[in-house]
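Below you will find one chain, with nothing else, as structure tokens; this is the form predicted on its own, and questions on how it binds or moves follow later.
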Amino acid sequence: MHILKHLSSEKDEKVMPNLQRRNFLKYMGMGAALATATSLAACHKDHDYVDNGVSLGSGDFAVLNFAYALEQLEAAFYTQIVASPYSGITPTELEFFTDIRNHEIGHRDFFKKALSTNAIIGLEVDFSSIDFSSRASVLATAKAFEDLGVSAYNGAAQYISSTDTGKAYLLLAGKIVSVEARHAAYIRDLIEPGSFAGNDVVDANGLDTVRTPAQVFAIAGKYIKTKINANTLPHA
């Protein structure tokens, strides 16, 4: 059973030197501004654990915590792949999965820093249903996670406020979802060479899939052991 408990960014910093020295500094340019906005918000901890689960908070912070939860899940998944590669993995595949892991860790740590005291706790995940020794199992799960991530960002954007801070969050989400889409295209190409998308995620108008937070958690909940209370998420 592959269960990673209470993930911490400190451990992962050791395995992502390239991101730490170069790319993460780019993220933190906007992160400083968002952290300032966060520090001006109410200091009570809406994310404290109660009987009905960890609350995501309210307003824009709830939307960011929603994204933070998904990034925790993806970072944990790709960390596991790199730590115990599937049978027959090629050096090129391992290199690309390492890059994806670093991207997801960067996304996760960015949200944690931007949310500051409003961030939810580190989630406990359960990957016992995934056979990490099987290429087919890993790629199928990676495809599902990446497609889910893209649709989650697409669906959550409408809930971000129209304030100046909300606009900054929206810009950030756009930068991250585009990276997630690149991951999704690469995974699909690994499964079926020459492919990068399909009509299961892109409609006849060339528009990507959109999922509501409830739809996202209905899928992702299988892999998240920590109980999450998403009732405070904004509604369009």
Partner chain sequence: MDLQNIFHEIEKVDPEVYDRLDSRRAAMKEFTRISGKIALAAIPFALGGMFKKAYSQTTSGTSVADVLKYALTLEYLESAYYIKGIATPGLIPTAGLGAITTIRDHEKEHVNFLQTVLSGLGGAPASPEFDFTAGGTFPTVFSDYNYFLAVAQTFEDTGVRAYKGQAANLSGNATVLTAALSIHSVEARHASHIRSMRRAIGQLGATAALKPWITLNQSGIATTAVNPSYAGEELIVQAGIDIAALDNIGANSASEAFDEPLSMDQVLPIAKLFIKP
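Residue numbers count along the first chain shown, from 1. Predicted model, so just to flag it, every value in this text is computed and none were measured.
One more form of this protein exists, namely the form predicted in complex with its partner chain; it is left out here, but the text below deals with it.
Exactly one residue in V54, I176, V63, A69 has a non-hydrogen atom within 4.5 Å of its partner chain in the predicted bound form; which is it?
Contact check passes for I176.
Would you kindly say which of Q158, S87, T117, T90 lies with a heavy atom within 4.5 Å of its partner chain in the predicted bound form?
Exactly one listed residue reaches within 4.5 Å, namely Q158.
Answer yes if any heavy atom of R135 is within 4.5 Å of a heavy atom of its partner chain in the predicted bound form; otherwise answer no.
No, R135 is distant from the partner.
Can you check whether D99 is within 4.5 Å of its partner chain in the predicted bound form, heavy atom basis?
Heavy-atom contact with its partner chain at 4.5 Å: present for D99.
Check whether I191 has any heavy atom within 4.5 Å of a heavy atom of its partner chain in the predicted bound form, and answer yes or no.
Answer no; every heavy atom of I191 is more than 4.5 Å from its partner chain in the predicted bound form.
State yes or no: in the predicted bound form, is some non-hydrogen atom of F110 no more than 4.5 angstroms from a non-hydrogen atom of its partner chain?
It does: once its partner chain is placed as it appears in the predicted bound form, F110 has a heavy atom within 4.5 Å of it.
Though the partner is not shown here, which residues of 193 to 207 have a heavy atom within 4.5 Å of its partner chain in the predicted bound form?
G194, F196, A197, V201, V202, D203, A204, N205, G206, L207 sit within 4.5 Å of the partner.
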